[in-house]
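Take a look at this single chain, the form predicted alone, given in structure tokens.
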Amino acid sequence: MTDLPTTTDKKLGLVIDLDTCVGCHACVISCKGWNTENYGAPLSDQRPYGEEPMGTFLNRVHSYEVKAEGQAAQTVHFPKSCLHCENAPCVTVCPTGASYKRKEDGIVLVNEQSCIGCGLCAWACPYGARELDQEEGVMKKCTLCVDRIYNENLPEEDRQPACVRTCPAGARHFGDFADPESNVSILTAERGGMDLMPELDTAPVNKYLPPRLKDSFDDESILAPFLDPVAEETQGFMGWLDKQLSRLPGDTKTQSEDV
């Protein structure tokens, strides 16, 4: 088993804005590309063009239709990856010590040389954020692109996770939650950033910004003036055409009037 550090010098993580995410999956593709070509073992795919295709991904996006009482239904796109929990159960359950949390920045990683692919960490993770790479036989997870964020050979603007750098909607933000003046700390405070499943006491570092409720289609809606009919009866050429079409055989309204 692996012990967790009592404290970490930094708390690097992500803020994901559910109000801004458009579900384009650019973060999924960029994550797959970067982590297949660089850090650790490649993220393999099985039968990508055959029946029942499978593959290993460190980031996925799920979409849901939700409706609050008195509000219009809306679609929420929910990106999901490792949350780099402070009380990470995936670390403490690992029998070989392959899973560990770094004291210097709080990132949870897997030592692939020590991983035996037993799957206990995936069983312990309540968020489904770990996947077994079937080709490599090791557990894979989000690394916050640790090979990018400290790489001084990259331009400074590229020293952030691939998913953050790629997001076209600006829905993903990266920073240090231990710094109250960081961009992620300010966003969390101003927008009411939430923990995912806080009742589990895993203390996830990553935060989600809740989606704003959309306007309902009622009298108080700002869209109401645009939803009123322009005219009660069709007039002009369209009015004449409507009357002619109503006289065609098979029109139940005309038939009933004739009777």
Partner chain sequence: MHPAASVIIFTTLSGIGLGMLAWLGIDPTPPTGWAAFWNFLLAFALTVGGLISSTFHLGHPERALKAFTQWRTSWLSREGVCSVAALSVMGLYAAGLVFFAKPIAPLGYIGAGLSLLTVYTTSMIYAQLATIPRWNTPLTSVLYLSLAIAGGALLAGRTGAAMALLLVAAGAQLIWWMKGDTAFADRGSDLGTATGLGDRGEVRSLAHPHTSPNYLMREFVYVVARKHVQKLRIIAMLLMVALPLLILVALPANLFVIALAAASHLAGVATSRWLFFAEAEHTVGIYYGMR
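Residue numbers count along the first chain shown, from 1. Every value quoted in this text rests on a predicted model; they were computed, and no experiment measured them.
The same protein has a further form, the form predicted together with the partner chain, not shown here; the description that follows concerns it.
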item: One residue of C142, C94, V184, A88 in contact with the partner chain, assessed in the model of the complex (non-hydrogen atom, 4.5 angstroms); value: C94
item: Interface membership of V108, the partner chain in the model of the complex, 4.5 Å heavy atom rule; value: no
item: Touches the partner chain in the model of the complex: G193 (any heavy atom, 4.5 Å); value: no
item: 4.5 Å heavy atom contact, G128 and the partner chain in the model of the complex; value: yes
item: P198, heavy atom within 4.5 angstroms of the partner chain in the model of the complex; value: yes
item: Those residues of 111 to 138 which, in the model of the complex, come within 4.5 Å of the partner chain by heavy atom; value: E112, Q113, S114, C115, I116, G117, C118, G119, L120, A122, W123, A124, C125, P126, Y127, G128, R130, E131, L132, Q134, E136, G137, V138
